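Take a look at this one chain, the form predicted alone, written out in structure tokens.
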């Protein structure tokens, strides 16, 4: 395709939509972005309330080189738009028996911390981390960086090495069983089982292959974007503006126009806009079922298992807790009970695993003096519950009770302002079907292949980018998704 004079429409301005827009503009396309909200960024939004600033969505930043690649592709200097710093401690981990473990950056420091706190032989942990690195480099990069739905991908020179590195247990064992075998100590198993939730999956069902996720944080390290996570979409939005991308906010796309199996344009706010190619950053189910009125394909996608959703409380806390850091995890005694609730819709568990992100630890101006901004995240099934208010109240009660017990004081009086996201509000804000944060789950060993590709096989000119399609959810994967979609557009 000769991009000059071609027009592209992007549906949605999540990080994958913004990245797709910038990449297409860099290749000479006239690019129009349509966003139903009055803000860009999708799940990477900002909420300001009573003097507290909260990043609303993803809060752990890894693989900054993937973001930098976007700016390089567009011929811009990354440092002119964005800055970040290394974290020396990835997470503060708290257990019910009083054990506190700091997940230091770098294998040596983390292994030393585990030896000190758990008093165990750490050779198994060292071996596990090395294997996670090899698994990612030899196998994972193919699934993340390549068009795995294309047959020619599987005929390249990288495949024999990947097959040689592949072990039966990566596919046949669950993450939990694999971790139990490799790490043995229950606290280590639980810490590494948690990485399944990075793409909304269940460690008791998801294949051991997903253990490579730990490599990104534990070996490569985590980072903090200056200004908070909102600085990521801010930087990419400014890049788009500098590249000449046109934005239409408060412009809900009502339908995608097709003619004889080819996309022709869209209808937004009652007006028709034509384009040569369309990239949808909307949930893949929503795109087929509503925008294309393709109920057959929509139903096929609906039948696939959803990823987890969440209950997120944004609490302004009028006190500083010195024992907490930027990223904090409070583990339960029975992790499996949590996933039985998530997968089987049992009653909300009394001892949830709780994640708290506090950006005021890095930038005090994100909260009033002497206060903290708590982003409190609890796993929840992707389901729109008729009794959601009651469920929310119950989960909030259990969350406050657990944190009060583990922090040694009643935290409720210190919560001076609150905002809440539920599966219903997540679906409403982002068009994520049933509030699923990552589209479909990765609980099946064939989940990567079942995830929708970056190009439609049913409609010529239609491409997909975002967390509900290949290669999956999370910032680095959404950025890769945009790159893969644009590669397909240019190849076509």
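The structure presented is a predicted model; accordingly, all values stated were derived computationally and were not measured. Numbering follows the first chain given and starts at 1.
What comes next is about the form predicted together with a small molecule, which is not displayed.
Colleague: Can you confirm whether 128, 213 and 442, the three residues that make up this candidate site, all sit within 4.5 Å of the small molecule in the model of the complex, judged by heavy atoms?
Modeller: The answer is no: none of the three residues contacts the partner (heavy atom, 4.5 Å cut-off).
Colleague: Since the chain is shown here on its own, which stretch among 455-463, 38-46, 64-72, 442-450 would lie within 4.5 Å of the small molecule in the model of the complex, judged by heavy atoms?
Modeller: Of the stretches listed, the one contacting the partner is 38-46.
Colleague: So in the model of the complex, does residue 271 come within 4.5 Å of the small molecule, heavy atom to heavy atom?
Modeller: No, residue 271 sits far enough from the small molecule in the model of the complex that none of its heavy atoms falls within 4.5 Å.
Colleague: Mark residue 424 yes when one of its heavy atoms lies within 4.5 Å of a heavy atom of the small molecule in the model of the complex, and no otherwise.
Modeller: Residue 424: no, not in contact with the small molecule in the model of the complex.
Colleague: Just to confirm, residue 53 within 4.5 Å of the small molecule in the model of the complex by heavy atoms?
Modeller: Judged by the heavy-atom cut-off of 4.5 Å, residue 53 is well away from the small molecule in the model of the complex.
Colleague: Decide whether residue 471 counts as a contact residue for the small molecule in the model of the complex under a heavy atom distance cut-off of 4.5 Å.
Modeller: Taking the distances in the model of the complex, the answer for residue 471 is no, it never comes within 4.5 Å of the small molecule.
Colleague: Though the small molecule is not shown, can you say which of 434, 60, 26, 32 has a heavy atom within 4.5 Å of it in the model of the complex?
Modeller: Residue within 4.5 Å of the partner: 60.
Colleague: Among the candidate residues 141, 167, 295, 252, which is the single one with a non-hydrogen atom no more than 4.5 Å from the small molecule in the model of the complex?
Modeller: Checked against the cut-off, the match is 252.
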